[in-house]
Ligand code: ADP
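Let's start with one chain on its own, the form predicted alone, as structure tokens.
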Amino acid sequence: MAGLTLKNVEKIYPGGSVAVKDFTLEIDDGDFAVLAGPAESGKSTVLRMIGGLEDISGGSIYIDGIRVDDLEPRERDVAMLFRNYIMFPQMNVYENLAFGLKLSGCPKEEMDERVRETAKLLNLADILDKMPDEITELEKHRVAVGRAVARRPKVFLLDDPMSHLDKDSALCMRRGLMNIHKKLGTTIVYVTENAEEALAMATKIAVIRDGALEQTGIPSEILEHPANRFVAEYFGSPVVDFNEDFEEEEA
């Protein structure tokens, strides 16, 4: 587990296109932080910069107090899960869960303990010997999550991983992730466009629009005290009088 700090981070692509600008965010050790905002707002770019899949154009990123800007993804001790998750088709569920641990040289007994603990957390304990073509799509999704979680990374990064699931499956996975967070205390950074999902899962929400941070806070703060009209409308804040509260912003 580890805290995460982004200081004045920017991403500017060749040609001058600005994807993320002057982005500063503090995520505490053990937070379930959700980066929320509309499509193409820069959420996934922020996530990829944390994981080292995108270089930053300015600013700095710290994980557990250590600056990681110049470190390779494998050196940052993070685990990432994207929408296009995969299972290795030639491996059963146990072997899929153990894959990252095996690569890292984890001792066999410890690897077995972690795999079985992770399988129990995600309701996979009864299908460890099954092959990918013998399990459901929801179970495959759980395996992909479990493979990352089993490594016990400092930070777990998820890029809108439930967007393709049906409503019932998404709700089931939401409960599973929240259970993992509760049991392991893993620091999680989660990207979503779904305001309801953000409010239900997060201990901290960072609202992003056009590559800029609009507001951060716990769910109740975001919902009850939105910083501006955009945040209020995005989260459907019921208590806001737009005409009075945001008169200055529109002036």
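Numbers for residues come from their place in the sequence shown, where the first is 1. What you are looking at is a predicted structure, and each value in this text was computed from that prediction instead of being measured.
The form predicted in complex with the named molecule exists for this protein as well; it is not shown, and the discussion that follows is about that form.
Residues placing heavy atoms within 4.5 Å of the named molecule in the predicted bound form fall in a single listed stretch, namely 32 to 40, out of 181 to 189, 213 to 221, 32 to 40, 199 to 207. Among residues of the shown chain, A19 is one whose heavy atoms approach the named molecule to within 4.5 Å in the predicted bound form. Contacts between 135 to 155 and the named molecule, taken as any heavy atom within 4.5 Å in the predicted bound form, involve no residue at all.
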